[in-house]
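One chain comes next, on its own, written out as structure tokens in the form predicted on its own.
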Amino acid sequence: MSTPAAIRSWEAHFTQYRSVWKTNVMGSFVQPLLYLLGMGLGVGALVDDSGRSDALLDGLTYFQFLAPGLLATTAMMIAANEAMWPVLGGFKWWKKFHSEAATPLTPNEIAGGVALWQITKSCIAVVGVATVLALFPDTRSWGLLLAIVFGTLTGAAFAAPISAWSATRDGDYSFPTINRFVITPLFLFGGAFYPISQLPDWMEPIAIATPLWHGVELCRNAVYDRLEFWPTVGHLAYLVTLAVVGWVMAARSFNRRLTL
């Protein structure tokens, strides 16, 4: 009983995860490896041979430019999907959250457990990507440790507001739309695959306003020891604010749903 309540709720998620962790961890390792081999080395060779990559990519090869961005994009995709169907299912299909609410756990503590678990899943995925990056001399640096923190924070910034939305839904009709029109465009246009300066002028401010760009910038600069104080503070403030505000909204949604 001395264990914090949110951690007891988190433990229920972890207990379920133990039955599938091998497949999940393997996917976290194999997928970024395929991206790096296919795009970082394959497409990267074409980009580097163009003669303009040095100026466009701030002195990095395409492989070096792409690789750290995968830390943030992977966290975004894992966290976003963990915040959709599993959250709705806990209320509607499995009644898991209602069962937890029948114990001494409060809705806030249940929401806290969900938040901790989503952060854990994001961290597992980011560590998998970081492990792959450590295999290559171009991306092997102590900055990967800090980039893991930044990537996990990026995941939290997505999971929080999406969880707040999912906790108010009675069906999953909006989730494919979120994936199709929010997550996928951010994956493609959030600065992981090319500088956002290459986007049309009207799209660049939109990219800057998204959490993924901030996460990508933090991860890339951490890996190559290019972090500057004020830009780093700005990126962190943006992601932390989004995560905190999102989880306040999620806690309210959990309270309304579980006290009806």
Partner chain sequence: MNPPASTPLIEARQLVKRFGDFTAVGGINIEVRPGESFGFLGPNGAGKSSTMRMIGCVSPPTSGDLNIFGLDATRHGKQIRGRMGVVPQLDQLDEQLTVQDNLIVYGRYFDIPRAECKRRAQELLEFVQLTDRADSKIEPLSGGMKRRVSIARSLINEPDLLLLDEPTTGLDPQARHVLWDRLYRLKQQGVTLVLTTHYMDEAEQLCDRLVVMDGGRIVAEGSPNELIREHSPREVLELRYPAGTNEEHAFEVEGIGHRQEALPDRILIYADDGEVALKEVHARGSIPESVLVRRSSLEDVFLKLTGRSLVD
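None of these values were measured; they are calculated from a predicted model. Numbering follows the first chain given and starts at 1.
The same protein has a further form, the form predicted together with its partner chain, not shown here; the description that follows concerns it.
Undergrad: Considering its partner chain in the predicted bound form, which of 131, 141, 108, 103 comes within 4.5 Å of it through any heavy atom?
TA: Residue within 4.5 Å of the partner: 103.
Undergrad: Any of the heavy atoms of residue 99 lying within 4.5 Å of its partner chain in the predicted bound form?
TA: Yes, residue 99 sits close enough to its partner chain in the predicted bound form that at least one of its heavy atoms falls within 4.5 Å.
Undergrad: Is residue 15 near its partner chain? Define near as a heavy atom within 4.5 Å, in the predicted bound form.
TA: Yes, contact at 4.5 Å.
Undergrad: Considering non-hydrogen atoms and a 4.5 Å limit, does its partner chain approach residue 169 in the predicted bound form?
TA: Contact with its partner chain, no.
Undergrad: With the partner left out of view, is residue 94 within 4.5 angstroms of its partner chain in the predicted bound form by any non-hydrogen atom?
TA: Looking in the predicted bound form, residue contacts with its partner chain include residue 94, since a heavy atom lies within 4.5 Å.
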